[in-house]
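Just one chain is shown here, as structure tokens, and it is the form predicted on its own.
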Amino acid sequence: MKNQLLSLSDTVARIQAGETLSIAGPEALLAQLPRGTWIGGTTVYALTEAGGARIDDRLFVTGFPDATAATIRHLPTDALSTLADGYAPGGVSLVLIPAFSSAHSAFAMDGMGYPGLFDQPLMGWVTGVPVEEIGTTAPAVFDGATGQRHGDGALVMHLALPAGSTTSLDIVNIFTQSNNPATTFSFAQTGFTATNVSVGGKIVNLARYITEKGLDTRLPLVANYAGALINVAIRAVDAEKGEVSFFAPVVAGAVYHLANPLEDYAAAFAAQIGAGGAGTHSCNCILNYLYGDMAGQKTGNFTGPVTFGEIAYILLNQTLVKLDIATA
């Protein structure tokens, strides 16, 4: 794989050369790209070789030169459960979903139960918009094969790889669970919003509890899913309404701990990922970018789009997702 931050004209040249690409960038630029073997998603933020940056006039391009075939599918929300039907044996699949869409919600809530979902690496991200345009501008995905823009559904690229290829899909979560019983929560219902929550066996209103305790909502709730620490980021707290909204669903019965605070986001990533990352297809969360003040800062050699949700089989928050492909 080759990651590059390119101009519109250079991106067009790579498409016209017949390359298989995943492209991230502003909608105005994505809309000008010619048809080809590519999928695209909207975001104006990226982690580049020089550090985090806003890329209003450029596109972040990842090439897959080792792919022997690529099939692009747009799946409406009611067809998301067929996602794995297009898996190429021994291959990998990439998926892009617009933030705040019905597909975003459906995939987050039901994705773990889709038939065959875990049968091959599934990596992707949730597309976004400039933070000042949230609520007024809709995120989108672009199907390079047809030239169509979609504001909902999932755009999937199934890649076939040479025989003997190996793939590695992994996440980097810099957060750890606090052991404080006062910030340990369990929920009675699965969903993107919550009112009441159990804290130490006592039922309280979560929004008012967060407000009264002065909890730092930049920190995610962290649960242990079969040995993997998975974050759920807090989107908003409405104490008057008594409701908390999240960027991913909390799961009924799971135990969540507020994360321990971090002194330095970029340093925490660098400590976990080391010097690797060159040639890796990766994405990192917009919340890490904003809360960690990552503009101009590097997270090792991992470059890629800054996203409104990360996908490593399931929807993730405040996480770096990375995919490596090695051919025999």
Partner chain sequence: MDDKRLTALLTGTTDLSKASLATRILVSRLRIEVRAKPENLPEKLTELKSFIAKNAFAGIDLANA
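Residue numbers count along the first chain shown, from 1. Everything numeric here is computed off the predicted structure, so don't read it as measured data.
Unshown form predicted together with the partner chain; subsequent notes refer to it.
*Asks:* Determine whether any heavy atom of Asp170 comes within 4.5 Å of a heavy atom of the partner chain in the model of the complex, and answer yes or no.
*Replies:* Looking in the model of the complex, residue contacts with the partner chain include Asp170, since a heavy atom lies within 4.5 Å.
*Asks:* Even though the partner isn't displayed, in the model of the complex is Gly253 close enough to the partner chain, meaning a heavy atom within 4.5 Å?
*Replies:* Taking the distances in the model of the complex, the answer for Gly253 is yes, it comes within 4.5 Å of the partner chain.
*Asks:* Taking 4.5 angstroms as the cut-off for heavy atoms, does Ile134 touch the partner chain in the model of the complex?
*Replies:* Because no heavy atom of Ile134 falls inside 4.5 Å of the partner chain in the model of the complex, the answer is no.
*Asks:* Is Ala163 close to the partner chain in the model of the complex, meaning a heavy atom pair under 4.5 Å apart or at it?
*Replies:* Contact with the partner chain, no.
*Asks:* Which residue among Gly113, Gly200, Pro89, Gly214 has a heavy atom within 4.5 angstroms of the partner chain in the model of the complex?
*Replies:* It is Gly113 that has a heavy atom within 4.5 Å of the partner.
*Asks:* Judged by heavy atoms and a 4.5 Å cut-off, are Asp119, Ala226 and Ala312 together in contact with the partner chain in the model of the complex?
*Replies:* Yes, the whole candidate spot contacts the partner chain.
*Asks:* Have a look at 151-159, 170-178, 70-78, 234-242 and name the one stretch with heavy atoms inside 4.5 Å of the partner chain in the model of the complex.
*Replies:* Answer to the contact question: 170-178.
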